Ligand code: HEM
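To begin, one chain is listed below as structure tokens, in the form predicted alone.
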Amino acid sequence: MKLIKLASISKKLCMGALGAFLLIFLPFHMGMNLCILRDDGGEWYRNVCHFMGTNYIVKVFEVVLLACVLFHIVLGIILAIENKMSRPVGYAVANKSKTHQGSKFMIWTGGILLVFLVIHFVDFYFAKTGLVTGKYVVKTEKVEKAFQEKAMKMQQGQLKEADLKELQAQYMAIQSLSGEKVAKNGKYFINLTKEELQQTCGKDFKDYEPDFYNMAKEKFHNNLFVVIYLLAFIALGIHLYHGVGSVFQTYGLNIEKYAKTIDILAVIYAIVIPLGFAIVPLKVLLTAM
């Protein structure tokens, strides 16, 4: 009995389409991550993160992307189980078919990447949605504007005694922020804990964002996290090598004439993308030493 009432070819076509979509997305994500390496105090990276976090088209795309990742994982597990169920006993003689070598490891590399995605989501995406506490960044001009508006109300006698005390505490918190909590260009208060955020901006202030730049650098100062990320990128490379060839094969585009070219492209893609991701944690770790 089929686990999902779709023909096997339909599942493979869906799997191929989802894989192709993710293959297109990865270079964009890699390019975004590489912005961390610019020696600008995180200016470029924060601008990219701000755009990604505020643009409604990107927000819709994120939901679609997450759905595609989940569906890709579920379909991959189902296809692996169904393949196993269809041949519960191994062949007496080894099968010398032209099955791509990487296909034998797809379920394992996929499992490693699933664990990595859970860690990655907890570290970063969940901080964006507020499910976990992270570090935060806020534009200094917005904090100052909100402070001035409160100060104006104070002068007009519109604030209660409790509000006056909060305003005084906010002023003291802003003045006491250390230099490492202010961006080089002075445009941002950075790397703020939840407590520092509330003290500096006030409890009702909502115009802040996760400081992914400092969160990433903090994570990549940890040797264990860097090792986990590097192992995940190795698994990603193996997964991508088969994935690229599999997409062409699924849609009948692996013409024998171009088979060698496709294989070369798969190798290049499977090296460049993981390497592009791996450069970031390695560079951050080595710089910190």
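The structure presented is a predicted model; accordingly, all values stated were derived computationally and were not measured. In this text, residue numbers run from 1 along the sequence as written.
What follows is about the form predicted in complex with protoporphyrin IX containing FE, which we do not show.
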query: In the predicted complex, residue 59 touching protoporphyrin IX containing FE (heavy atom, 4.5 Å); finding: no
query: Distance check, residue 277 to protoporphyrin IX containing FE in the predicted complex, heavy atom within 4.5 Å; finding: yes
query: Touches protoporphyrin IX containing FE in the predicted complex: residue 117 (any heavy atom, 4.5 Å); finding: yes
query: Interface membership of residue 281, protoporphyrin IX containing FE in the predicted complex, 4.5 Å heavy atom rule; finding: yes
query: Within 4.5 Å of protoporphyrin IX containing FE in the predicted complex, all of 78, 108 and 266 (non-hydrogen atom); finding: no
query: Heavy atom within 4.5 Å of protoporphyrin IX containing FE in the predicted complex - residue from 52, 234, 259, 37; finding: 52
query: Position in contact with protoporphyrin IX containing FE when the complex is considered in the predicted complex, options 68, 228, 32, 238, heavy atoms within 4.5 Å; finding: 32
query: Candidate stretches 147 to 155, 118 to 126, 133 to 141, 160 to 168 - the one whose heavy atoms come within 4.5 Å of protoporphyrin IX containing FE in the predicted complex; finding: 118 to 126
query: Neighbours of protoporphyrin IX containing FE in the predicted complex among 208 to 224 [non-hydrogen atom within 4.5 angstroms]; finding: 212, 220
